[in-house]
Ligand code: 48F
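Just the one chain here, laid out as structure tokens, in the form predicted on its own.
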Amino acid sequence: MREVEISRAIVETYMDELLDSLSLDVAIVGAGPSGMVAAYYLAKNGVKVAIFEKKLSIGGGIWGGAMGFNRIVVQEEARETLDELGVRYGPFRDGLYVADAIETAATIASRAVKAGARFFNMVEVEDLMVKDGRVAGVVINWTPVLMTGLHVDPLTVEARFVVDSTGHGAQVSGHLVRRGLLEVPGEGPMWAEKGEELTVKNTREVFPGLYVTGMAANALAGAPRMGPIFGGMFLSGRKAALEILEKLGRAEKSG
């Protein structure tokens, strides 16, 4: 076993996947709950989709639960999605259910990958491509390059749709804000019930070719945050995926 062959195996297989992902049906930015759920539903329906996550780890805010208590809460409406994904949960009371945060993040990530979604972690989207008034792809760079402020030119990935799943800051949509193409008022203060409801309602195409999910959706609408209840996140990702499937002319596969 030669060390160089280990390196060759990593470089060649990674580069093959990256090269094949330079042209996508859907580019999702942010591997949090809504982004991963969207990727799962898109991939399982034959859509060419990749997630770009600027952090080393994926999962967004799921892992820590609340204050490091690695449990998350979901409501009745989200049970169907968790059942399909294979995430276990148990009843609490008042129509609430509790799931293990570690199992949830790991299971959704695994299901998305096995469905065909590709994950590129430590890759940050530093800008969007916009052509003829429509988002046409993402501009990517290594996260350490941007963290250290090095002057290194990026690469581009073309996509028919881009999904901003970057959470509270709606960072991808922010690239359109600074050019006067979009407004992001920012999320409102905590109101769990209303925040959960509006997360799904605000999941939409906010600019031609650009969807927002999860807390990014509420940030663009000025809606409340909701804390460690995650049902709205899962339903938001599913809603965005189903709308994009329809626009791509794909029918949803059952099961």
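The model shown is predicted, which means the values in this text are computed figures rather than measured ones. In this text, residue numbers run from 1 along the sequence as written.
Not on display, but discussed next: the form predicted in complex with the named molecule.
- Annotation: in the model of the complex, residues Ile62, Gln171 and Met233 each come within 4.5 Å of the named molecule through at least one heavy atom.
- Remark: Gly137 does not count among the residues lining the named molecule in the model of the complex, judged by a heavy atom distance of 4.5 Å or less.
- Residue contact check for Val26: none of its heavy atoms lie within 4.5 Å of the named molecule in the model of the complex.
- When contacts are judged by a 4.5 Å heavy atom cut-off, Gly46 does not count as touching the named molecule in the model of the complex.
- Contact check for Lys201: no non-hydrogen atom falls within 4.5 Å of the named molecule in the model of the complex.
- Between the options Ala78, Val157, Val123, Leu128, the residue in contact with the named molecule in the model of the complex by a heavy atom within 4.5 angstroms is Val123.
- From the list 178 to 186, 161 to 169, 94 to 102, 79 to 87, the contact stretch for the named molecule in the model of the complex under a 4.5 Å heavy atom rule is 161 to 169.
- Contacts of stretch 4 to 41 with the named molecule in the model of the complex, defined by any heavy atom lying within 4.5 Å, are made by Val29, Gly30, Ala31, Gly32, Pro33, Ser34, Gly35, listed in sequence order.
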